[in-house]
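Below, in structure tokens: the form predicted on its own, a single chain.
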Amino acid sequence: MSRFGIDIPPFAQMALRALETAGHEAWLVGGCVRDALLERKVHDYDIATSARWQEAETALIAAGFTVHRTGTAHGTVTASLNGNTIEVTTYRTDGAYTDGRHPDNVTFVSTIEEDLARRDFTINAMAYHPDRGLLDTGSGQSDLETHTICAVGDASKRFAEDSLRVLRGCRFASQLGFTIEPTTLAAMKKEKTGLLRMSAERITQEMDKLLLGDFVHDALMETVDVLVAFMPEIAACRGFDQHTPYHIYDVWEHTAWVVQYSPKTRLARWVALLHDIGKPAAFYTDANGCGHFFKHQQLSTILAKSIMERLLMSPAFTAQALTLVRIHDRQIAANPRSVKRTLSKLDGDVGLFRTLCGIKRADALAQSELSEPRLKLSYELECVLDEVIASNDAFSLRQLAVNGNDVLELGVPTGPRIGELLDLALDAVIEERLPNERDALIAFLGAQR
């Protein structure tokens, strides 16, 4: 522990010493300083230095580091030692950002103050050295204390330079629980369309981190006018009154709470975000003025598919998410037969069923007290699931005591009929009309063929 209160791991201290022993100035910068001051776990360490990348490479290799030239055009090398890595970048200022993401060129400068001035938010624009202490050229410390996200300098200019900073601001709000300073938020809204130039992969990476944040509800509520830039489908949810006693929030705030309450996994959080996105399109009122959303699950699935494909999510992940969006509201009785039927529709994926239970639980928590029975049911379903697993009951084709070869031996030709017969056999086992025993199943299949 340094005398200034920030714990610096040995490999980072060695990198600082190596650079300074070679006659250069070096500071820890960015997120590692921010997180250390917040007493959060630091995942990545970065150094800014007066050394040019060639000089940094020489000094670090001499100290025993392995060095990779990961971004020399921007003055960056990555040093590794005993499985630990650290990025080392020359002090610089950035030129114009023609593509809205990367500077066309950089100018290497001589002071850390000039380098800090190019960064995105004040909380990320501080530097630290174990001997010289903390260097804060702006309002970083006070913004940490007041839990505020504030752009460095001219906010609109910062976001016009690099549009991904707009989404990073949203993400920091979710991860840190900070409020975005009004001028900064206004600039984020103004410059949000720059996100349309970003790669889908980068947007998805930031959204993954945002959705997994501990303060995601507040962030979604605060930044919805930014997120609509690449998910225009959510615009209709904002402020949409559901006109039903089962709901105390509009569609968007209900969604934000469901995300907050859902299991902290990528799959659950994306399903929670998209599960009711079709509600505004499905809405109608009855003669008493009560709102209904008939088949909103199907509409939500259609809209969710469009978003996930646009963000280039993997087909496997998309398929799982869309399955849960489609069935999130399906009634499942808390008994073995009903649970096994649902498991069979999920290809026997127990983890997917648990995620479904988590979504149902979060959905109920984000409604009125009238949904208390649904909340209770979500817990009961998981208890029944545990009983089904413990009893070793069959709920997938893999668990049947027969397989496709057995059906072929009965004289059924190769083709879709084999799968159809196995599905019939599984249904009979799930419904407890047949035991999961080979002889009984062979007799059943023989009669059905």
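Nothing here was measured: the structure is a model prediction, and the numbers come from that model. We number the residues from 1 along the sequence you see.
Just so it is clear, the following notes concern the form predicted in complex with a small molecule, a form of the same protein that is not shown.
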Contact residue in the predicted complex, from Q320, N124, T301, T184 (heavy atom within 4.5 Å of the small molecule): N124
Listed residue (R354, H74, K189, K209) with a non-hydrogen atom within 4.5 angstroms of the small molecule in the predicted complex: K209
Contact check for R34, D46 and R165 against the small molecule in the predicted complex, heavy atom at 4.5 Å: yes
Taking heavy atoms and a 4.5 Å cut-off, does K279 contact the small molecule in the predicted complex? no
Applying a 4.5 Å heavy atom distance criterion, does D120 contact the small molecule in the predicted complex? yes
Is H296 close enough to touch the small molecule in the predicted complex, meaning at least one heavy atom pair within 4.5 Å? no
With a 4.5 Å heavy atom cut-off, would you call H129 a contact of the small molecule in the predicted complex? no
Given 167-175, 254-262, 268-276, 342-350, the stretch touching the small molecule in the predicted complex at heavy atoms within 4.5 Å is 167-175
